[in-house]
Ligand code: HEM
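Consider the single chain below, provided in structure tokens and representing the form predicted alone.
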């Protein structure tokens, strides 16, 4: 008798559940069929929702139609784009070095130096550059870490390292953004394009041949880097903050677009910064002094920024010149 009552109770409960279950919106849709795939599910439902304790209900979206396309980009296209940006630029720089060699100070080092960047300017540069380097490495780990790093260090180490890199990526976005704003405010007046920049480009900027066209504090190449950092970095920061604070500014589709833009812009900046780092270090003799001590060799300054040197010496009545720390060769 007890078994009969239990069976009746189960049948009644199942019937009630079946009545409360919403009908599938597509006629003939049978999710129990073995051939039903994810695409068919998404065709049947606009999106699949879960439960969330967040105030914004949009965070409960688990699957939506654009998700598979975004996942294919993330898993298939992004690693190839990252490889092309980084390895392609490194190959170009190596080829340039083999053909052109290191750009030397043609007149040799002088017995005097001139102050190019003050202490605050150097602090601003290195704060932004340090944050950017860690942001770039942690971002590349997101893009290609599973392919490149995971097989080398193993799953446990990769998981731990990726966790710390993700945290650093989020927090270093703030000093990086602050650095971009400071750079814009302090250097924008020196980076307005003009007629001299056209002549500089026509003459190859000293990279092609050995002519050194006149330039003020920043030449056309440095102005290009400035605007790449300010505009590109600003867009990278804006899209990044959209991802750090999910659903505050847009929905899931907007966040997918923000992530695609964030990745592509960041990879473009990484490629440009590799060129900047090369020229500022091994690619050009004397260039690194500008952001190391702030004082650059006078002959170097006259070759690359002759108009700026003349203006600075005239403005300071020669007091900008200092004895070189090392005697001229």
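Please read these numbers as outputs of a predicted model, since none were measured by experiment. Residue numbers count along the first chain shown, from 1.
In what follows, reference is made to the form predicted in complex with the ligand, a form of this protein that is not presented.
- Taking a 4.5 Å heavy atom cutoff to the ligand in the model of the complex, the contact residue among 74, 217, 212, 125 is 74.
- This chain is displayed alone, yet in the model of the complex one of 104, 166, 202, 190 has a heavy atom within 4.5 Å of the ligand; that residue is 166.
- For the ligand in the model of the complex, the listed stretch (116-124, 237-245, 90-98, 154-162) containing residues with heavy atoms inside 4.5 Å is 237-245.
- Each of 140, 170 and 177 is positioned with at least one heavy atom within 4.5 Å of the ligand in the model of the complex.
- Using a 4.5 angstroms limit between non-hydrogen atoms, residue 259 touches the ligand in the model of the complex.
- Among heavy atoms of residue 135, some come within 4.5 Å of the ligand in the model of the complex.
- Using a 4.5 angstroms limit between non-hydrogen atoms, residue 263 touches the ligand in the model of the complex.
- Although the partner is absent here, residue 291 is not a contact residue: none of its heavy atoms lies within 4.5 angstroms of the ligand in the model of the complex.
- Taking a 4.5 Å heavy atom cutoff to the ligand in the model of the complex, none of the residues in 183-206 make contact.
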